[in-house]
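Next up: just one chain, as structure tokens, the form predicted alone.
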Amino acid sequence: MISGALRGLRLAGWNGAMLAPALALVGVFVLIPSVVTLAGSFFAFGITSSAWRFVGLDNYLQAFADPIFWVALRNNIIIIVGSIISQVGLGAILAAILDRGIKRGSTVYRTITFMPVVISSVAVSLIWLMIYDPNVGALNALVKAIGLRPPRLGWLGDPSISILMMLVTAAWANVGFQMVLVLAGLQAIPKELYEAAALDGARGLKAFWYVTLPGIRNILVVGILITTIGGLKVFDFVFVMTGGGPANATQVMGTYIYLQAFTLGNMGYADAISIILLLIALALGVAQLKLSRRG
């Protein structure tokens, strides 16, 4: 018994030693910055300021009274909803086509569709900046070729459509990931279920509703959760392509936090917005997980 206890302690010591580097990295780069951000949200200070002035909840009250904060939050919601429809929806359609409709060359099509996922988001943004360019962009040439007129202010300069252009860019970059995710779920559904459903008269849409959809339900929930989190923390596409403009039409929480912290020097206010964004992300994540378990 003593030797067994010693063996258990030795194993626990080895496990602790193996985990220690990872825990140290998490503590230094995640835990400590999170605690500092939470504490800083109750103070007013600049990025190079050595003096922190305690303001209590003033930073949070300022956020709720700030119209640009609500504009940024609204844009995040638009991106979340639009991304779920475009990325998860289109990814599911492409996965169904690859699973059922394409018998030859499916690996090639899958590779081509997935390719944008492995490209740097900054590179993707620069590619689409060239496509949207009002002078030499391919999109303008295409629109003119079919007899239509491009927007007078440009695809990214028109406040009424600039956020939609962001959605197109994000969809192109991420739909391949959703496609692979859903495709894995589709291929995991036993073929016997479709055969049994066919014997009961469930074919086509009925088979999709009663066999396919329940089979990939949890996969879709995961895809929606990943897309929601990505829509909340979106930064790189917006920062590179528009910087939050024109007239805050594409301003999101991430770029607004950056603006307040590193351009205007309101670190305390930026910390408060970061904490609000974290709470929103946690609430949405918990809600989606509860809905998935309920079903």
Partner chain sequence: MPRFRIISIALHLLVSVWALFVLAPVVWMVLAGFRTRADIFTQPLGLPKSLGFDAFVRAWNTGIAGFILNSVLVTVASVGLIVAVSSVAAYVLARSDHPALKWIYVLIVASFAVPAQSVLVPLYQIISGAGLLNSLFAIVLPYAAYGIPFTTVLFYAFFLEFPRELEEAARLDGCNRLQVITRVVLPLSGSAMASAAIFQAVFVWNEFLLALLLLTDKRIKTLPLGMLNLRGQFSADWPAIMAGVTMVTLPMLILFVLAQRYFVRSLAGLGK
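C-alpha atoms forming the largest set that superposes within 1.5 Å between two forms make up the rigid core. Positions refer to the first chain, counted from 1. Since this is a predicted model, take the numbers as computed values, not measurements.
Unshown form predicted in complex with the partner chain; subsequent notes refer to it.
In the predicted complex, does residue 53 have a heavy atom within 4.5 Å of the partner chain?
Residue 53 lies outside the contact set for the partner chain.
How about residue 116 - does it come within 4.5 Å of the partner chain in the predicted complex, if we only consider non-hydrogen atoms?
Residue 116: contacts the partner chain in the predicted complex.
Is it the case that residue 133, even though its partner is missing from this view, gets within 4.5 Å of the partner chain in the predicted complex, heavy atoms only?
Although the partner chain is absent here, residue 133 would touch it in the predicted complex, with heavy atoms inside 4.5 Å.
Looking at the partner-bound form in the predicted complex, is residue 58 within 4.5 Å of the partner chain by any heavy atom?
Residue 58: no contact with the partner chain in the predicted complex.
Please name which of the stretches 77-85, 121-129, 193-201, 208-216 has residues with heavy atoms lying within 4.5 Å of the partner chain in the predicted complex.
Contact criterion met by 121-129 only.
Among the candidates 186, 73, 163, 180, the residue which, in the predicted complex, approaches the partner chain to within 4.5 Å (heavy atoms):
Contact with the partner chain in the predicted complex is made by 180 alone.
Considering 68, 247, 264, 31, which brings a non-hydrogen atom within 4.5 Å of the partner chain in the predicted complex?
If I apply the 4.5 Å criterion carefully, the residue I get is 31.
Could you list which residues of 84-99 come within 4.5 Å of the partner chain in the predicted complex, counting heavy atoms only?
Sequence-ordered list: 90, 93, 94, 97, 98.
Take the rigid core as the frame of reference and indicate whether the C-alpha of residue 275 shifts by 2 Å or more between this form and the one not shown.
No, its C-alpha moves less than 2 Å.
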